[in-house]
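First, one chain by itself: the form predicted alone, in structure tokens.
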């Protein structure tokens, strides 16, 4: 049952009526891994959607009906474009004709691990130029608690319009999991919190028209903290098992068997698994937004900093284990050919953002190794001073050591086990296989 709009400001009630009638014109700023799937879902729900991006290449591909995001089929984009329900532009003046705008731009960390808010600020400045009564603005970019209230709200209210009365401002954390076959934009519950109760109600009504489950919360700060809690929880627990993996190796204990056995407990335990380091835009980065913000409040985020240190050291540990494995075969790391299997940050996707494989490759090359890689999803990777292209996976058999960094399902692990003289498995991809040539993390 939809909540009544009788107690809402007239502007909010009118906007909700447009949303429920699917006459609201939806806008999405930032057409990447978060923005394009969101735009497509609202297009599929019957809305007219305009995407805004500073990349002319992305805009041209969308207007040509082509998807560049692995989880968004080109057929869906083409159908929506042909039906007039999806278009893209580089011109922020399109906001004049919109009723809603979602901001889904990058929020990277600087090298000093403090937030780089330049993409959000630039997008917000453009939106502020064209802010008008009856507009709903929702920030989805992951950020520190207080961003929406402290950074965006003053920029928008400089126009003289009032949040909760004239326009509506919310935060809703993106929860995209690239490559997940079960959970995607539509069926992942959507948390939303507004600057005012009216903002929250408008935001919840908006998402409820295209997504399966909406979870309203009491404020933008709560919504911002939700995302940071989710990914800090994962980052700290991964740090714990990574440290456990190092300990178990020193004590000659199979950490994978330990975790599998512990996971049989039906309560009080959730399995996490070690690996070569953290990757993706969320888990390696988001907790440091919380750490940075807590320092502003005079609080030391010790768990976050420690887990970050442990996880950040894992690529170095992988290189050390590679060196040790070669030593056991009377070979030096310097001059050896190392074949990296998988460079995407997780299985069966094409995303290399923050991938630990990049650090492993860089560290191996620093130590004089000859490095090549195979990845069915990533044709090339570019570093500051050089580029590597993916080679056929069969070439791993000619390497002095093959290192499994990303356990893509398409790799023939039986053939690799049979043909490679030495394999370091950082993902337990060779589970159930044995041999003197197999070394596990």
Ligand code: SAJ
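Quick caveat: nothing in here was measured; it's all calculated off a predicted structure. Numbering follows the first chain given and starts at 1.
Below, we refer to the form predicted in complex with this ligand, which is not included among the displayed structures.
In terms of contact with this ligand in the predicted bound form, the residue from 346, 362, 293, 249 that brings a heavy atom within 4.5 Å is 346. Among the residues 210, 282, 198, 120, the one placing a heavy atom within 4.5 Å of this ligand in the predicted bound form is 282.
Proximity of residue 164 to this ligand in the predicted bound form: non-hydrogen atoms within 4.5 Å are absent; the residue sits far from the partner. In the predicted bound form, none of the heavy atoms of residue 141 sits within 4.5 Å of a heavy atom of this ligand.
Among residues of the shown chain, residue 176 is one whose heavy atoms approach this ligand to within 4.5 Å in the predicted bound form. With a 4.5 Å cutoff on heavy atoms, residue 147 does not count as touching this ligand in the predicted bound form; it lies far away. Looking at this ligand in the predicted bound form, residues 227, 238 and 278 each place a heavy atom within 4.5 Å of it. With this ligand left out of view, the stretch that reaches within 4.5 Å of it through heavy atoms in the predicted bound form is, among 200 to 208, 85 to 93, 67 to 75, 338 to 346, 338 to 346. Contacts to this ligand in the predicted bound form (heavy atom within 4.5 Å) from stretch 231 to 261: 231, 234, 238.
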